[in-house]
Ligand SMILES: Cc1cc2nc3c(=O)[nH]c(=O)nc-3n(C[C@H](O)[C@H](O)[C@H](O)COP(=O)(O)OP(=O)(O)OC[C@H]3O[C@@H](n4cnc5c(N)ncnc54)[C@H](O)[C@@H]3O)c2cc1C
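A lone chain, given as C-alpha cells: the form predicted on its own.
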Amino acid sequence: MKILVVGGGMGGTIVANNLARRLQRELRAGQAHIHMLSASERHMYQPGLLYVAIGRMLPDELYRDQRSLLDPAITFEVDPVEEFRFDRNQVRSKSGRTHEYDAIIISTGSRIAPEAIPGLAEHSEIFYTEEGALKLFKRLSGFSGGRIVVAVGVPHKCPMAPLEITFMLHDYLKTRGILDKTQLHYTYPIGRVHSLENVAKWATPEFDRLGITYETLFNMKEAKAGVLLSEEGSEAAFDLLIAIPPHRGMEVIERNKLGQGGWIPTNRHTLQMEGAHRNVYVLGDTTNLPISKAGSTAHFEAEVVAENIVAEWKIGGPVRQYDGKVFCFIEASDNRATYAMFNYNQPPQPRAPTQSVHWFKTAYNRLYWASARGLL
C-alpha cells in the first residue's frame, strides 16, 4: 500500500507518524510505503509567533528540521505538489515527477491574504509570519504611547490568537511602563468579541476589567494612514494597527480548483474529500469544515484519518469518526491562561484563567515537538 502525505505541517506530520506506528510490520516487509511531499525542509511552531512579536521567544526556537520529526521509515522529500490527478491516483510535483498512491492525505495549510483589504498590508503589522512578527516586535519596542487597534478579519487560523495578542499586549505595555499612555482597542466582524459565544462571554468582562475598548460588527473595508474603515461605515483611528488578516487556502488548491477560497469540501466526520474518491483525505486548515483552524484540530483529525486508512486496508472499512474535537489554550493577562475545549455538539466553557494553566501553556511551547512526533 502506498500512502502519500501532501504537506509537512502539524496535521501531515502527525498523520504520517501515526501511520508509521500502525504499519511497522508492513513497512519493514515492504508491503506499505509512506511518502511525504513538503514545501519546506523546516517545520515551524506557528503559535510561537505570538511570543516572538512581544520578545518572549527567538525565531530560532520556532523551527525543527522536518526530517527529524518523522519516523525513519517515512520517505520525506521537499518537492511540493503542483497537480492532483485523482482519477489516476497520481500527483505531479514541482520537480516534474509523477507520484502514485493508494491513499492520499492533503494537509497543505493556509495563508494570510491581507491583499483582500485595500491598504492593510501597507498600514498594519501582521504577526502570522516570522518576518511580520519580528517587524511587530521592532514597532512595539519603539512604541512610546498612543492608540493600538487590534483588528480581526475572517476566516483566520488560530482562533484564539486575536484575544491572546490583545491580552499579551496589555501585559507588555504594563511591563514597559507605558500602559497609562496607551489605549488598546479591539474590533471584531460579528456582534460579539469572538465567534464562539461562550468565549466571547468570558472575554468581554476581561476586556472591561482591563480597560480594553472594543467594537463589534466591524468588518474591515480599507486601511489608510492612521485610520481603519469598516464596511459598516465606522472608523478606528490608530497609531499602531495590528491586523489579523483574512486567510485563504494554499495556491495549489485554488489552481487545481479543488475548493473555493482554497478550502477543500470535506466530510465533517470521515474527513474524506466530498465528491472525490474514497481514498482522498483532507486535514487541518485545508478543509472547509465549520470548525476552528488550529493545530489541535489537525492533531485530532490526523488520529482519525490514520486509524481509518489502516482499517480500510486491513478490514475493509473505517472504524472511527471525527467529532469536531478542538482544544485551544487562551493566554489572558497577568501570566494567567484558560482553555476552550469543544466539538461539533458541545460548546466551549472557558473557566477563570489561572497561573497554572499559563505555565502549562508555556510548557507546551516545548512539548509541541513531542506532540508532532506523535508521542503525546
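Sequential numbering from 1, following the sequence displayed. Quick caveat, the model's predicted, so the values are computed rather than measured.
What comes next is about the form predicted in complex with the ligand, which is not displayed.
- Although the partner is absent from this view, M341 stays clear of the ligand in the model of the complex, with no non-hydrogen atom inside 4.5 angstroms.
- Remark: K293 counts among the residues lining the ligand in the model of the complex, judged by a heavy atom distance of 4.5 Å or less.
- For the chain shown alone, Y128 is a contact residue for the ligand in the model of the complex, at least one non-hydrogen atom being within 4.5 angstroms.
- Among heavy atoms of L37, some come within 4.5 Å of the ligand in the model of the complex.
- Stretch-level contact check against the ligand in the model of the complex with heavy atoms at 4.5 Å: of 169 to 177, 204 to 212, 281 to 289, 115 to 123, the positive one is 281 to 289.
- The three marked residues, V15, N17 and I74, fail to reach the ligand in the model of the complex, with no heavy atom of any inside 4.5 Å.
- Here is the short version: of I264, A298, V305, L228, the single residue with a heavy atom within 4.5 Å of the ligand in the model of the complex is A298.
- Applying a 4.5 Å heavy atom cutoff to the ligand in the model of the complex picks out V6, G7, G8, G9, M10, G11, G12 from 1 to 35, in order along the sequence.
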